[in-house]
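One chain comes next, on its own, written out as structure tokens in the form predicted on its own.
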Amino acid sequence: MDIDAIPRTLPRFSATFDPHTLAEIRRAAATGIYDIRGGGTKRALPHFDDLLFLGASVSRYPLEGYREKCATDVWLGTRFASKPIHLKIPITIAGMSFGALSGQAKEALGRGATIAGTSTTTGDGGMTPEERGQSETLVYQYLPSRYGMNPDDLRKADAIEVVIGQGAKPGGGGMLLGQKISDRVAAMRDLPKGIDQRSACRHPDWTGPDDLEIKIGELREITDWEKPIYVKIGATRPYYDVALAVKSGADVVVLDGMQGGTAATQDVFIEHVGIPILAAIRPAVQALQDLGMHRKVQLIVSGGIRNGADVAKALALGADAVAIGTAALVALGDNDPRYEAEYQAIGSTAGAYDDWQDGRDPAGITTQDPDLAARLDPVAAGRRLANYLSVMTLEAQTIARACGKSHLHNLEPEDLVALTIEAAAMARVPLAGTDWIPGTGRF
């Protein structure tokens, strides 16, 4: 063999210009159009998997799972509302609009949440009769677009969520492609049928926290001070944003990390704006503590919550409850491999949930196509969601009992350690096997 004929190095892809990046450059050059998709960030980020619980042993006393109670209930809106919400579990359903989702999917979310004893949320575009009819506890989102908003629906709701930002696109508005603007969606949103819709990035009638305080006051007057007022923010500067939301009069703050999904927006937005929920919780809790409002103003966190361990970790870091979106849709039946052939036909695959923002979801969930939507049985899908919520709650209870806690809210940062330096710094808990919390000077 001629040794000089052997290549000195084998060709390899650049870490900077990897195959996906090269494909995106070629697509942009060929079309002149930026990529639009749904879902949340796909990049690997520090997340709850990077934390572990320190279960009880000799120095801690565990609770017996079959004999000793571990409570899971939560009150939301106790600060000012005359009718705060009492939920059986600290897992709520995040806002996802009728328009992004089919009517059957919205009904199923209401059914599942009611069975589980928790709340669901309207999302952009207004309240549907199916959703209100099947949701024992329904939160009405008040968004910059004002699509579908009317005072009567505000009064029908059990709480109002003023949306300032979303984790997938903080500082930006959402999109609803024309394929999903059916006659009914167009009528509810006062939009032309079949035309792409872009939501506003900020509310039209205020420019800062002083105006937000005035708006919250107006909403309280409209609803006779009965309804809790939530303020939802995308995770960017959580300490200051939470502090200002509290000072503006919020009963509840909803904090959404960049792993949270969206119906559709620019891919560059999803992947490069915002911070992970793991990095946002502790500054938010610190703001509440500094104001003397921790547990008085409740904190709901969202963005990549998948199982009971995630729930327990979020609560241990100081949250009062969590919200789920993508996981709830999967529980309803989205991403089902039985539709793989149809996913392939639209250039996707089961598990790539973000590729169906144009309304061709074979599972009938993220679509307005009547034939596709009819595939989803709201009753059966609601039962699946309720089963999933039950499992998540049982998993969180199992962990809490192992840490010796009689209520999920008794979990605390002291129960956690981190597997990586990044997670330890973000969550402000020690690196496993050490007393070191990076960034604090504690060793």
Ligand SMILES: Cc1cc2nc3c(=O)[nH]c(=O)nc-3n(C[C@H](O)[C@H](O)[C@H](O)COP(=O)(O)O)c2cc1C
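The first residue of the sequence shown is number 1, and the count goes up from there. Note that this is a predicted model, so its numbers are computed, not measured.
Heads up, the form predicted together with the named molecule isn't pictured, but that's what we're talking about next.
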Listed residue that, although the named molecule is not shown, lies within 4.5 Å of it in the predicted bound form (heavy atoms), from T128, T326, Q134, T223: T326
Of G260, P228, P90, G110, the one that lies within 4.5 Å of the named molecule in the predicted bound form (heavy atoms): G260
Stretch in contact in the predicted bound form with the named molecule, which is absent here, among 278 to 286, 335 to 343, 244 to 252, 298 to 306 (heavy atoms within 4.5 Å): 298 to 306
Interface membership of G95, the named molecule in the predicted bound form, 4.5 Å heavy atom rule: yes
K232 within 4.5 Å of the named molecule in the predicted bound form, heavy atoms: yes
is_contact(G123, the named molecule) in the predicted bound form, heavy atom dist at most 4.5 Å: yes
Contact label in the predicted bound form: D361 to the named molecule, heavy atom within 4.5 Å: no
Within 4.5 Å of the named molecule in the predicted bound form: residues from 150 to 167 (heavy atom criterion): V163, Q166
